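Only one chain comes next, encoded as structure tokens, the form predicted alone.
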Amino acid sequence: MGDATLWFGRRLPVPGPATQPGKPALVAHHQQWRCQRCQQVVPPGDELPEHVPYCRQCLNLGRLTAHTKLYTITEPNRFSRVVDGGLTWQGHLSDHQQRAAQELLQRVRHQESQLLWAVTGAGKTEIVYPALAWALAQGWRVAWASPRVDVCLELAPRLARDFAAIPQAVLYGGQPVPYAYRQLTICTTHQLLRFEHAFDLVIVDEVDAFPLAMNPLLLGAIDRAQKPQGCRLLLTATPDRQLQRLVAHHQLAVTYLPLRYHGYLLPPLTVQLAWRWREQLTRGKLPAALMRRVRRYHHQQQCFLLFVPHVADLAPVVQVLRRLGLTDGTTVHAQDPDRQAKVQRMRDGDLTYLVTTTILERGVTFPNVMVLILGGDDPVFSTAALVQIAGRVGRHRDHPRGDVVSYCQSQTLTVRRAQRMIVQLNRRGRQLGGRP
């Protein structure tokens, strides 16, 4: 079997003949089959040509059939103890951040699961550092997971810099570096399907984001990856109704932080009516108010993000912008093979704008950017998505303000709820001394 550490706390197919040790990957379940990696029932007809059932639900992690066996070695926590959990971060937390960080730390010490509900730009990552450092100092194995690859790729270098003494593994689909046994694992939530009772602490970043929210397969993956005596820390700026219900019924401990790290409030979401904007787009035009605004940004050399509802909207929108003379921008979406490179070019100042789908609604930070949303009343933009999109603005202490403008055919309930959520968060922020 080679390196035994590859099986520590993991549930993996065993190579070789069926006589190898392990447990069946698919087991009989009410005249059907259930996959033991993702716990999903195999529908009738999901068979190989030899009539061998296989699991389609987690096929992207490797094929499991009724002839496959899964093998695991119980997690031994075979790590050297590191003073202060390897924390090398030299920054400082504000008083509000410090209070939140201490609440998280005390609950982790007592292995109590919890939620950190903090506005976008509050500094959630750094607030978690004291609890993470304590867990690592105890020899705990920790997973920091997110539904979004972008979040993992932005988080990994920060954790490598701020916990320099702790080797880490970074896991996502198509990763260039092979898996290695590490005390700290940064991964997409899909990758947790490979683990079984591996982690003493599971940190789930952007817990409300697609595709995790309300997904039984991925929620189950978190449950199985966490040790029975372990705990989890959920991070979000926009908890869904189920999480809010758990908090309201005192079934989940919560720490609130309604103020950004630099002390400024969230930029409000402004709505401008743009009647039949899609018909205009088919004629090669954008709403007049939007065109005036992007021209002004262009003259001011101001960076901006322009969100559109669908991938099909990207090309016609960027064509209009380029005809207006805005040639130093491009498009980006989830399946774009150059997505990471384009985001980095935007950070480096090589691009002044990106026309994007909701893929950039969270997990990315630009120091000074304005946000425009075309078709903000489209069903693809949920209330949480709109709040997260608004949160791309004003994240840097040197640029704490900015524009968030949604161009809509009508002001839907979803848009009004997003505006209301920002107003409510800012009301709490003012009570803590937040600045407009």
Partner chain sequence: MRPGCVWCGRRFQPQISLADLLRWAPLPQPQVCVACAQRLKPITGPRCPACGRAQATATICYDCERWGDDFVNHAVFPYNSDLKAYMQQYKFQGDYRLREVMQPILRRALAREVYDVLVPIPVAAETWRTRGFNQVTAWLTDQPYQQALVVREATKSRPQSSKTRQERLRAQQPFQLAPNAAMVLQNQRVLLLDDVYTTGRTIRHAAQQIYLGGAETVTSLTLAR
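Residue numbers count along the first chain shown, from 1. Keep in mind it's a predicted model, so treat the numbers as computed, not measured.
In what follows, reference is made to the form predicted in complex with its partner chain, a form of this protein that is not presented.
Report task. Classify R63 as contacting or not contacting its partner chain in the model of the complex by the rule of any non-hydrogen atom within 4.5 angstroms, answering yes or no. Result -> R63: yes, in contact with its partner chain in the model of the complex.
Query raised in the report: Any chance F381 has a heavy atom within 4.5 Å of its partner chain in the model of the complex?
Result: Because no heavy atom of F381 falls inside 4.5 Å of its partner chain in the model of the complex, the answer is no.
**Report entry** Contact test in the model of the complex: Y407 vs its partner chain, heavy atoms, 4.5 Å
**Finding:** Y407: no, not in contact with its partner chain in the model of the complex.
**Report entry** Partner proximity in the model of the complex: L59 to its partner chain, non-hydrogen atom cutoff 4.5 Å
**Finding:** Contact check for L59: yes, within 4.5 Å of its partner chain in the model of the complex.
Query raised in the report: Where does its partner chain sit in the model of the complex: which of 366-374, 385-393, 46-54, 31-39, heavy atoms within 4.5 Å?
Result: This holds for exactly one stretch, 46-54.
Requested in this report: Heavy atoms within 4.5 Å of its partner chain in the model of the complex is the criterion; list the residues of 239-271 that meet it.
Outcome: Heavy-atom contacts to its partner chain in the model of the complex: nothing from 239-271.
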